[in-house]
Each structure stands twice: as structure tokens, then as C-alpha cells.
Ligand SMILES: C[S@@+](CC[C@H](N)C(=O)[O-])C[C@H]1O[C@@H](n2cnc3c(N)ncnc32)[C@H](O)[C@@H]1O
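In C-alpha cells, the next block holds one chain alone, the form predicted on its own.
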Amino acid sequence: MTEKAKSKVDTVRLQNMSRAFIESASMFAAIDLELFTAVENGSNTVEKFAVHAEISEVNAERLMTMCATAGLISWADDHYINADDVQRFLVKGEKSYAGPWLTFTRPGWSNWGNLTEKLKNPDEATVIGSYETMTVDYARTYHEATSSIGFGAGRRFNKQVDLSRRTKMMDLGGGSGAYSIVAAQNNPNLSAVVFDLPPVVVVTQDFIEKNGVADQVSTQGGDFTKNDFPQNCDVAVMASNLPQYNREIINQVIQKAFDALLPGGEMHLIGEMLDDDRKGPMDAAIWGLMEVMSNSTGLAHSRKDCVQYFKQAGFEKIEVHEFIPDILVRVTGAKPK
């Protein structure tokens, strides 16, 4: 490294990383105190928000200043306004409100301070980790938090993939059933089976009935890493649970899907995947590391890994598609006729 290059190196990037938790804490507090809802409804100055949140003006100013520097709100003439994404996803009462999803990882907050200890002295890992003890109540809380994002992803999937000629879909680890429900709503001739853990499908059934598709969408309780798959399906979807499993398990699951699909069927694996050089995106790495907290055997998989799983299973016409840039990737393949 040249002397000139050395002189440009400083600690700014490292300092920002070391304090990133403060930015997260600030957003969580703003959600708790309904800052963004207050801004939209007119409590958009320090004085007005302090009254709304029942906190001191100095603390209101501190929080609003932090949120402004984080780009969550901005000053316009004599009051604050919400950033576009905040306006869409963090104003209570809006259809797209995603507060529960954005605070979804918050319960693990204290554990992350002990990551070193978790890495050095982990609890005994199991295939699905903490999900093995999932209760109906926890499943309900979990999927009420994730369903808003899930249904958005389900709508995106149905815009990208033509299911009009398909007759039956298996939804592996489908949770709320979002992908199946949206698919049924858009394809009257399609039926679907949401295959998830027994406590989860109790909650899935509520979503199915709420959305009026009980005549098309059913559930099957079980562990898809162990139990038999639904039969007579010509499309399989596995979405947003990829990092929960290790390479061996994903390989087995995709092989089971291939074997269960009808000839000419197709599979779509949608998940947080690393680029082939494994340098990013960050989201895939984060979800892989989170499995330390869940005591599972899961980790981050790359696009190349997933393509290889499809090849080993026997799929043809394997393609990789951007699903949500820097967040989710869709790998698809066809079973020979």
C-alpha cells in the first residue's frame, strides 16, 4: 500500500459499524412512540411530538434529530415530514404498515450482545432449531408479524410466474399461506397445499378462511425435512426459509420436491442468497448468522449452491431471477416430462 493510500485510511467505517445498534434502537423507539404516525397526523414538530409521546421536549428533539440524520424524517420549512418508505410502511393505519415485521428481530436483541459466547459455546444444534418447540400462540405472533411482507411477496411472485396452466401447488414451509392464497385468488383452477409444522398450519387455516379461499387452499401439518410431500402437484414453492437449513438438508428437500412433482412440473426456491463470490448481499449473511441464535444447522447459501442443488435433483431449464434486489432471489427449474 502506498503512503498516499495509507493516509486515506481512517476508522469512520468501523465506528459506524460499532454503533449501528444505536440506529436500530432509535428506529424501534420511534415505532414504539408512533413518531412517524404522529408526523403524518400533524404532531410534526418537537413540541407537538413531545406532547403526543408524553416525553420531554429535549428527548423528543434528541430522537427526532437522530431519525432525521438517519433519513427517516426530514425538515421542511417549519416541520418534519416522513421519508417516502417510512410514509408507506411505518404510518399506522396504512394498509402497507409493516411495523411488526420491522421489529420482528427485536426479541433477540439481548442475545446479540453475547454472540461471541454463542459462537464459542453453542447449544446443541438441531435441524430446525427453536422452531421445534413452536406453539400455536407463537406461530400466530410470528406470522401476524411477517404476513404483510409475505402477501406482498406472494403478489410479486404471481406477477412474475404464470400459473394459469398449473393445477396443484405445494407450498413448503408456507407459514401464513400468502403465496398459496394469492395464487388461488389469481388462478381459479389452481389448488394449493400449505405444508408446515402442525402448530403453524392452525394459524395458516385462519388466513385461508379470512381470505375466502378454503375451497382451493388446504394445509398439511408436518416437517418437510422428514415427512412425505403432498402428491399430484405440478408446481412447488419454497420461500423465505432457505437459511434455516444446511446444505445437506436443502439438497434433500429439493430432491424430495423433484421426486414428488408430476412430470413437467416446476419448482421455485425463493430465498436470501449470497452472490457467487460470497461478498454479499448483507441480508443473506445476516439471516445465516441468525441461525446461531436459533440453534439450528442453517447457514447462508449462494446462488451457485442453489443451482447445484437443482442440478443434483434432476431439474432442467434452471434459471436464476432477481426477486427483490439485494434481498431475495428466485431459482427455478423444470422436471423433465
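Don't overthink the numbering: it's just position in the shown sequence, from 1. Small disclaimer: the values here were computed from a predicted structure and weren't measured.
Separately, the form predicted together with the ligand exists; it is not shown, and the next lines address it.
In summary, among the residues Val200, Met267, Leu90, Ile208, the only one with a non-hydrogen atom within 4.5 Å of the ligand in the predicted bound form is Val200.
Screening 110-118, 237-245, 76-84, 185-193 for residues having heavy atoms within 4.5 Å of the ligand in the predicted bound form returns a single hit, 237-245. Interface membership of His143, defined by any non-hydrogen atom within 4.5 Å of the ligand in the predicted bound form, is confirmed. In the predicted bound form, the ligand sits within 4.5 Å of a heavy atom belonging to Asp223. The closest non-hydrogen atom of Ile128 lies within 4.5 Å of the ligand in the predicted bound form.
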